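This document starts with one chain, in the form predicted alone, laid out as C-alpha cells.
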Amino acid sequence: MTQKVARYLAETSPATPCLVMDVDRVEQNFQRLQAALPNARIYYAVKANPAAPILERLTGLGSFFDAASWQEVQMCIAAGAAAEHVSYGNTIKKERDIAAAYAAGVRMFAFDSEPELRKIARAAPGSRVYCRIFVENEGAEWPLSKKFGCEADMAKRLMVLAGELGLDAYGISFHVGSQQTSSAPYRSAIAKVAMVFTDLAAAGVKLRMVNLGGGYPVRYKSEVPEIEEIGAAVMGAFAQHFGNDLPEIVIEPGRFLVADAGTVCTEVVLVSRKGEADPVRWVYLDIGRFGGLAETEGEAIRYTLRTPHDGTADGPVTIAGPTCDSVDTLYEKSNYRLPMALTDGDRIEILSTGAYVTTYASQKFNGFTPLEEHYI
C-alpha cells in the first residue's frame, strides 16, 4: 500500500467496501516497465481497470491501449487516446463491433480462427491483423491457455489467407498466462514465434510484429520475478532467435501497472466458529467473490491482508464474503491466519487489489451495491 493511499484511508475513513487507487503509482509502474523493456510498445490492457483517471494518465504518458470490447474502445477515445493507438485485442468479437471500431479509426485487430478473420476482412478492410497462438502457461497463477489461441500451423495458414483477403498480415501474439511467475514461458514462446516468422517468410509473408501479451506479475503473498529479470529474459530470447532483425515488440500489461496502486478497504461483518472445539474461525467480510474478488476462485490469487491487530496472537481462518452463496468463500485451503482479537466492525485492508476488482464486481447480487472507487 502506498503512503498516499494509507494517508487517504486514515484521514477520510471512507465507507466500505471501497477501492482506493494511487494514480501516481500507476505512472511509476509504467515508467519502470518502459525501462525494463525499452524496445517494446506498451498497450495497456484496459480490462484490468478501465477507470477514466487511469486511462487519462496513461494517455498523457504516451501509452497505447488493448481493448477487449467496443465499449472499451470508446472508453479509450473518451480519455483522449487516438483511435489508431487502440488495438482490438479480443479474438471473439461481433462483426458490428468490429465495424464500429473501424469507423472510429481503429486499425489493429486480433483473431485466432478463420471465421473471425473473415469478419475482420468484411468489417475492417485493409486493417493490420495479428494471430494469437497457443503457448505454455505453466507457472501462471491465472492460466489463459484453453479459450484463446490456435495451433502454430493453423496460424501460418491464416496469415497467408489474411493477405489474400486484403488485410495487412502484421504479426503473431501469445499470452503466457496472467500473474506468470516464471520467465521461461516467455522464452519458449518467442522461440515458437520465431519459427512461425521463418516459415511465413518462406511463403512470401513478411510479418513485422510480435505481441507478448501480458502476464507480468506483482507481489501478493509470495515473491515473484522482478520486471527487470523478465525484461532481460525476453530481450535475450529475441536476440537469440531473431538476431539483429528484431520485429516490432508489443506488450499488453494490465495487472503490473495497476494492481499495487490499489487497496480495498473492507469491514469484518462476523467472526464465528462451526463447532465448539473447531480451531478454525470463519471471518466474513463485506466484500467477497461477487463483490470484485473473483480472482480468489480456486484460491488462485492470494492477497495480503492487514488488520488493526497485526502482531498479536493469531489462528487459522476461513475467509468468506457476505452473500447467501456458498461459492462466496475466498480462502479455505491457503492457510490464512488472522489475529484472535479480530471482531465485527474491524477494518481490513486487502493489498494490491487495483487490478480486476472493480470490473468483476457484480451489480447488486443479493442487493449489495458495488464497491465505491476513489482515485487520488
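The first residue of the shown sequence is 1; numbering continues from there. Remember, predicted model here, so these are calculated numbers, not experimental data.
Absent from the display: the form predicted together with another copy of the chain. The rest refers to it.
A.B. asks: Among 164-172, 85-93, 237-245, 201-209, which stretch has residues whose heavy atoms lie within 4.5 Å of another copy of the chain in the predicted complex?
C.D. replies: Selected range: 85-93.
A.B. asks: State yes or no: in the predicted complex, is some non-hydrogen atom of P279 no more than 4.5 angstroms from a non-hydrogen atom of another copy of the chain?
C.D. replies: No, no contact at 4.5 Å.
A.B. asks: Does the 4.5 Å heavy atom contact test between G126 and another copy of the chain in the predicted complex come out positive?
C.D. replies: Result no; G126 lies far from another copy of the chain in the predicted complex.
A.B. asks: Answer with yes or no whether C324 is in contact with another copy of the chain in the predicted complex, where contact means some heavy atom within 4.5 Å.
C.D. replies: So C324 counts as contacting another copy of the chain.
A.B. asks: I'd like to know if E151 sits close to another copy of the chain in the predicted complex, meaning any non-hydrogen atom pair within 4.5 angstroms.
C.D. replies: Residue-level check for E151: yes, a contact with another copy of the chain.
A.B. asks: Does every residue of D286, D344 and S362 put a non-hydrogen atom within 4.5 angstroms of another copy of the chain in the predicted complex?
C.D. replies: Yes, each of D286, D344 and S362 comes within 4.5 Å of another copy of the chain in the predicted complex.
A.B. asks: I need to confirm a contact call. Of A100, M195, V224, L270, which residue comes within 4.5 Å of another copy of the chain in the predicted complex, counting heavy atoms only?
C.D. replies: When another copy of the chain is considered in the predicted complex, the option within 4.5 Å is L270.
A.B. asks: Which listed residue (T59, T307, N29, S69) meets the criterion of a heavy atom within 4.5 Å of another copy of the chain in the predicted complex?
C.D. replies: For this set of options, the contacting one is S69.
A.B. asks: Within 230-249, which residues have a heavy atom closer than or equal to 4.5 Å from another copy of the chain in the predicted complex?
C.D. replies: If the 4.5 Å heavy-atom criterion is applied to another copy of the chain in the predicted complex, 230-249 yields nothing.
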